[in-house]
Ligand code: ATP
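This document starts with one chain, in the form predicted on its own, laid out as structure tokens.
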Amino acid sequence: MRVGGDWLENANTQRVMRALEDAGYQAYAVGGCVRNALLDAPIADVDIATDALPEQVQALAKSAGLRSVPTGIDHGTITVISKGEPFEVTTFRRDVSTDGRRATVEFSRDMKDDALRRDFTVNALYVARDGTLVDPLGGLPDIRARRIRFIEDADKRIEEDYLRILRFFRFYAWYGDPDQGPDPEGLAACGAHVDGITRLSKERLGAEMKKLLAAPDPAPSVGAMAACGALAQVLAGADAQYLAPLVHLEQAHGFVPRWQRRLVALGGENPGKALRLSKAEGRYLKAVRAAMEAGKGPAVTAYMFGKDQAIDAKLVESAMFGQDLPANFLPEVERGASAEFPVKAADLMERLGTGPQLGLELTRLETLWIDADFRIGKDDLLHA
């Protein structure tokens, strides 16, 4: 079987792979690019596996006029750059030992060793420079069935790295068949090892949850995650029941998926801390929750909290109460987001000076203006 596409046939990919092959080494595109090509999904980058050692990859890149950066040389990864396009080139590896978070590896000349240390069969497919597909572990049937299955023993794969529990649900959300359900063996193994999630860093948990919640419809996967106990380990108090209604509303009204909106719908205890979100991400979640609690109309909500925050707050609120969006929702949000309070501090300084009374008066007038649905003009406000 042959696999093709611009991702493989473009000159930069070919140049990097040829530099390895011309020196007598193997070079295969591997992992996500191959999986997505077979699923007709977007391809973000191309990773290359080889039997050349990292130092040899660097030397060959230099000889071919390519730049290389030792981004993960201890684990066998060299980033080779061709005309500004980066390719992670990694030597075949086998695991020597694992501790549930990271692995000690040694380099190998055997592709099957490299395939066996990967997580899922759909990620252990290799493509040569001419498009020939190599499937050392039988992942192609799983690709065709849209089945996310651990390689060989699911328990062992998880014990090597407990983050694979979250990856199982993330990959199922993006690439699995929702009608078929998660792979039973994989789901059972995830449930048996949920305590291992506590050994992972919050940054790793946050990164996986953001990717999972950004899927077109993460609801079936998050529901399975909740059922096996994994969701409670990641985010205490989270509840998956409102996610499916939220996704339905998003799709019915043409809203693009937003992981932040879905995370608000899940609730939970301090997600900003539990998932080690950035300060900006944490502020956004708090603003959406505050917009929901304020109980204002869409225009006022957008003015007070922001356009995206108002949209997300109303979508989550509607999902929770089983309601549809009002017919004039988006025009009202736009009206509020573009509203501008007509009174400035300079308009009041001649009468009030620059003391605290000035701020209090500005606040009073803005409240009047908001309560009047932004329909009081500047002159009327100054005489209110």
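Remember, predicted model here, so these are calculated numbers, not experimental data. We number the residues from 1 along the sequence you see.
Keep in mind that the form predicted in complex with this ligand is not shown, yet the notes after this line are about it.
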item: Position in contact with this ligand when the complex is considered in the model of the complex, options R276, K307, R289, R117, heavy atoms within 4.5 Å; value: R117
item: One residue of R149, R164, R261, K314 in contact with this ligand, assessed in the model of the complex (non-hydrogen atom, 4.5 angstroms); value: R164
item: Region of this chain that lies against this ligand in the model of the complex, out of 27-35, 343-351, 322-330, 54-62 [heavy atom, 4.5 Å]; value: 27-35
item: This ligand contact in the model of the complex: N123, any heavy atom under 4.5 Å; value: yes
item: Any non-hydrogen atom of F87 within 4.5 angstroms of this ligand in the model of the complex; value: no
item: Partner proximity in the model of the complex: Y303 to this ligand, non-hydrogen atom cutoff 4.5 Å; value: no
item: In the model of the complex, F171 touching this ligand (heavy atom, 4.5 Å); value: yes
